[in-house]
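In the form predicted alone, a lone chain appears below as structure tokens.
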């Protein structure tokens, strides 16, 4: 009677407690482990082409790591998983606990379909501290990040789980990794090995300057770990353990950068915790910041959204970010905030449209992080930026891309504009270069409109 390890958002073999549990049970029975991945048609249809292409590559990397024994089956999980259990005679299915609304409903349905004879064993989850684990002194969820982070740090987390050696993988027929839609996005290398190599390179070369340089899109010094964390090719526990090692005895810039990066992991876990307690946050604002009639609608709003999505707003930093998104399926975090603020507060388009566009293009598109980060910028989320904080795309560019290198990299029409002048092409003697659009709105005016609308908010 083999055991089943059902892989989901944990496409790795190291630091995988559910796999450790599955292997231990199989060895105790002198049997094998079925490495199962279920291609859920509902999730496959809803994912953008860049994510599907990356997922397919990550699954191929996992298949190689298991010696070609990954069993990929297509269909609804509540039908596929019980069928595999019947085929193999397995009495347990080991998983990392799902924490998002859809995953929790799916796992409940699978558990019911397995019946009394087969256990669904949840061990660990995709986070260092499971969403819903922490509560305030009053017993409720945290609504403010800093107290959450303090409680998260005080709670702590387990050491990384050891990687099982010589796993007795079972051989079972599969349906194969599905062909992903074609995409022109330049994808990073996928898989656990790629994740570990990228993380080690960041710790070695760029961690010490992270606190200072992390907001600079013109410098290629970010970790890119959001992609690997999204698919579970590396666990945040592993990241946190390496940070602790790097920070042991450190002072000055390195110590500050370690603490800053750890706080970014805490933000990721805070957003997962918010979604755990408020599943509707995936689609609905957690608080209203303007009256309903403040949002742009109709053909003009559609045209404005299209210009934003295509990187044709006339604001270089915004356009560079939106073009980077289409080229890489990824955008620098500082620029994500700028482009989101521009859509919501300069173009007055609801955040959900922007979030949907990001999910269609981002390789690291992750529901709690994407939706709650959009709500943060829009001022509608938990501990969000106040609505009156409106990112100025010019001053943001001058501050964080001071020489204009980031803009020139992604907006070829502006490559001959020298230095910081690239951030205000409308001020050039002859206006914007040929082919680059004029500003579609006046930022100062639209900021005033946004603040007036906020003053009219309900309640």
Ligand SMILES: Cc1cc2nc3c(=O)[nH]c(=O)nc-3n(C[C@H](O)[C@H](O)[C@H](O)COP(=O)(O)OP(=O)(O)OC[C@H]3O[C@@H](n4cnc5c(N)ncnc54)[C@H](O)[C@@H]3O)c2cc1C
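Note that the structure is a prediction, hence the values are computed from the model and not measured. Numbering follows the first chain given and starts at 1.
There is also a form predicted together with the ligand; it is not shown, and the following applies to it.
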Self-check item: 4.5 Å heavy atom contact, residue 142 to the ligand in the predicted complex
Solution: no
Exercise. Classify residue 264 as contacting or not contacting the ligand in the predicted complex by the rule of any non-hydrogen atom within 4.5 angstroms, answering yes or no.
Key: yes
Exercise. Look up in the predicted complex whether residue 358 has a non-hydrogen atom within 4.5 angstroms of the ligand, and give yes or no.
Key: yes
Self-check item: 4.5 Å heavy atom contact, residue 88 and the ligand in the predicted complex
Solution: no
Exercise. Would you mind picking out the stretch of 71-79, 225-233, 287-295, 311-319 that comes within 4.5 angstroms of the ligand in the predicted complex, counting non-hydrogen atoms?
Key: 225-233
Exercise. May I ask whether 268, 337 and 362 all come within 4.5 angstroms of the ligand in the predicted complex, judged by heavy atoms?
Key: yes
Self-check item: the ligand: the contacting residue among 192, 346, 273, 366 in the predicted complex [heavy atom, 4.5 Å]
Solution: 366
Quiz item: Of these, 324, 96, 257, 373, which has a heavy atom no more than 4.5 Å from the ligand in the predicted complex?
Solution: 373
Practice problem: Would you give me the residues of 375-405 that have any heavy atom within 4.5 Å of the ligand in the predicted complex, in order from first to last? | Solution: 377
